[in-house]
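Listed next as structure tokens is one chain, alone, in the form predicted on its own.
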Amino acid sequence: MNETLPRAAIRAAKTNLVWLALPLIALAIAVAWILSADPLSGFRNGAPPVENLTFERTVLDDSGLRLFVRAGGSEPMTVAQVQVDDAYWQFTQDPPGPIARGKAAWLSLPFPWMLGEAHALKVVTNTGATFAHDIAVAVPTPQATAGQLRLQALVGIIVGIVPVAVGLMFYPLLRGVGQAGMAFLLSLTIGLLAFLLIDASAEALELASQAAAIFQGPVMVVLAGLGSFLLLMAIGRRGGVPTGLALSTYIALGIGLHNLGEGLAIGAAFAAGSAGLGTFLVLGFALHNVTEGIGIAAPILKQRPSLWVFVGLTLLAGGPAVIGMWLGSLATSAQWSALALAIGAGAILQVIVEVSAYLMRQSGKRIEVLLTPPVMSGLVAGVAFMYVTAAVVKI
């Protein structure tokens, strides 16, 4: 009897293995037949293959200009000519040869670009297809020098770390608020996070539209945001519902991921010469982010964290802006900025859910608390402040 059961289990496992292998073998045979017999050849009418080329990065330096392009056509494509301002220029390609679907290459031209001028480029393939790209303002692309990294870090600190630190400095004052004041602050946090969620999602979709078609930009944004939300919800609820310092940490993490995406976008704009960030604009970014520190402080008003906790929360929320500035100006593309913003949007949505749940628990009520005057006024104040200050930094 005891020997019969293992034998039956072994036979069942072998049967399941066979049924698993059969469809896979049939699929492999079908694919091999399609590749060898080419049954679609009768539909070809002599037209050239579909070609697509995405310009992911433009580098301007003393040697001329370089273009980082990605192919997205149905077949490998060959770059035959490159035109700048209606004139053809010699170019080198790295790696050389046809560019396969989804692969990328650098095109280098000894073109004497003019500082502050606009230049129009066209890439011509061997089939005659043309792909245009405009340089709105020609400026030298930032290089990874110590001085340049320090300057970008300074801007990142001003727009990311300083505002969060200033917001957290209101902590001693905010500790004296009553129940209505706490409800106002928590709803203020939800309001500013709701604005960041909408803003990050819109920016991610806009950047995704500029990425190569192979990345399926809008789908990538939705999946990354949803995955980030579900993952953080699972992690956050693993030890119970997050409250206090744990909730503040999740708020700081969500804001930090958003600031990473913002830093990528600002850094890329710097590299493209399209973000002349003057003093007024930098201060506008800083003012826009001050309420983030207040939002982080709200869940820990009934605790007495150490100074190092505040330092850690500040770096978690604001530090990614510095990293984003570096990556954005030196080595990022539209799809990676979109991905970072999408992950940040998912993290912010998770925080909105948790702060809303925390607010309802604190008040001892359920959904009705969201309709009380302190909560409604906090939501409006948070969204309104972020909207007004965002108008200063939009360019």
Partner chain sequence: MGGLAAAGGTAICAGAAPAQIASHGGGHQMAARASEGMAAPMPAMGHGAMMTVGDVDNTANGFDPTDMLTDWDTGTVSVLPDGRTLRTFEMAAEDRDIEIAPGITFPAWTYNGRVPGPALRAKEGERLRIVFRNYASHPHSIHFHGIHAARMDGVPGAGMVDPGDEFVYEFDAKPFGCHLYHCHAMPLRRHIHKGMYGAFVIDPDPERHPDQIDVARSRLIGTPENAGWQELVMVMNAFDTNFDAENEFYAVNTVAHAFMKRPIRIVKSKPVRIYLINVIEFDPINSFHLHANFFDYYDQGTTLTPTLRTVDLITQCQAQRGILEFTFAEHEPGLYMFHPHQTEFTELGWVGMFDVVEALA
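The shown structure was predicted, so the numbers you read here are calculated from the model rather than taken from an experiment. Residue numbers count along the first chain shown, from 1.
Keep in mind that the form predicted in complex with the partner chain is not shown, yet the notes after this line are about it.
Residue-level contacts in the predicted bound form: of 249, 201, 228, 125, one residue has a heavy atom within 4.5 Å of the partner chain, and it is 125.
Here is the short version: of 310, 113, 171, 195, the single residue with a heavy atom within 4.5 Å of the partner chain in the predicted bound form is 113. Under a 4.5 angstroms non-hydrogen atom cutoff, the partner chain in the predicted bound form has residue 91 among its neighbouring residues. Taking non-hydrogen atoms only, residue 136 never approaches the partner chain to within 4.5 angstroms in the predicted bound form. Residue 146 falls outside the set of residues with a heavy atom inside 4.5 Å of the partner chain in the predicted bound form. The partner chain in the predicted bound form is approached by residue 63, whose closest heavy atom lies within 4.5 angstroms of it. Only one of 80-88, 179-187, 259-267, 151-159 places residue heavy atoms within 4.5 angstroms of the partner chain in the predicted bound form, namely 80-88.
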